[in-house]
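The chain below stands alone and is given as structure tokens, in the form predicted on its own.
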């Protein structure tokens, strides 16, 4: 059996697509774990699950770990696929620690060879791809969002099992939950991203880069230094290995040097354009088109041309 879990419904459906492929090759069953209020269990079946274990609860980390650990002990799945979200990256290693097995994080591909699960993942800041296999079961894997395409089959049938698991009381006390506004940025979903780095001299100049993003109908992104160090933009805009990994049709890097951690976050972009005044900047080795020059001259010219 294969288990798939993510608190994010879209990521969960993507996991089921790959899980279905693996389950079919192993002639095994695929089960989805739904830990949420008012879940959409029928959707999991239509997108590939044979069984859905439904738990009506908020997906808080301690509870998720206890639930998945308990279900895994009961059903003995060989593979556990977990979405590479903030929550998923937290709970997956904790579940692996309980079983005393390994955990492969941020996997970009999975395959079956001689009934062994083979995973591929970026290592060393995204400069290399490692191919790994597991020595022990369950094999626990995290997969970033938007890695696989969802596959809908409305003719599928499956079973929904409601669970009332008794889990330990959480050691975390939640004082308040604030929902993000409907306009909150989801940079991973943007088709066009214009990102800015330390080449920008002051915070007020963000308007310059934002105007380029706006006229292109894209989202405004940034490097780690702009979000984490200078705090000119919130982390929702942060693109990179430790921020958001993106997959746009067009990525424009303005004043970004292009360190390995940033390149790892934009590796899947279809077209990359770089603007930097340093001809030796690493970003030029990763881009499709490069412009060497002052962003304060180039960006206004681009905006004026696009407006025209």
Partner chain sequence: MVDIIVCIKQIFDLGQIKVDATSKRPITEGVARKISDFDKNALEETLRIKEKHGGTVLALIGGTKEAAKEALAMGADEAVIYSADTDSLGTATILAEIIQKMKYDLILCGEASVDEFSFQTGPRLAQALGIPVLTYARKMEIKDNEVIVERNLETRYEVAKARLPALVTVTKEINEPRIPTLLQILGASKKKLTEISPAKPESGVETLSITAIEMKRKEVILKDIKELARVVISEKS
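No experiment lies behind these values; they were computed from the predicted model shown. Residue numbers count along the first chain shown, from 1. Take the two forms, find the largest set of C-alpha atoms that superpose within 1.5 Å, and that set is the rigid core.
The next section is about a form of this same protein that is not shown, the form predicted together with the partner chain.
- Using a 4.5 Å cutoff between non-hydrogen atoms, residue 272 counts as a contact of the partner chain in the model of the complex.
- For the chain shown alone, residue 131 is a contact residue for the partner chain in the model of the complex, at least one non-hydrogen atom being within 4.5 angstroms.
- Within 4.5 Å of some heavy atom of the partner chain in the model of the complex lies at least one heavy atom of residue 93.
- Looking at residue 277, you'd find every heavy atom of it more than 4.5 angstroms from the partner chain in the model of the complex.
- With respect to the partner chain in the model of the complex, the three residues 103, 177 and 242 uniformly fall within 4.5 angstroms at the level of their nearest heavy atom.
- Interface residue among 202, 76, 186, 169, judged by heavy atoms within 4.5 Å of the partner chain in the model of the complex: 186.
- Comment: 250 to 258 is the region of 23 to 31, 250 to 258, 50 to 58, 36 to 44 lying near the partner chain in the model of the complex, near meaning a non-hydrogen atom within 4.5 Å.
- Looking at 278 to 308, the residues that come within 4.5 Å of the partner chain in the model of the complex, counting any heavy atom, are 284, 285, 286, 287, 288, 289, 290, 291, 297, 298, 301, 302, 305, 306.
- For residue 58, a C-alpha deviation of 2 angstroms or more is recorded between this form and the one not shown after rigid-core alignment.
- The Cα shift for residue 268 between this form and the one not shown, taken after rigid core superposition, is smaller than 2 angstroms.
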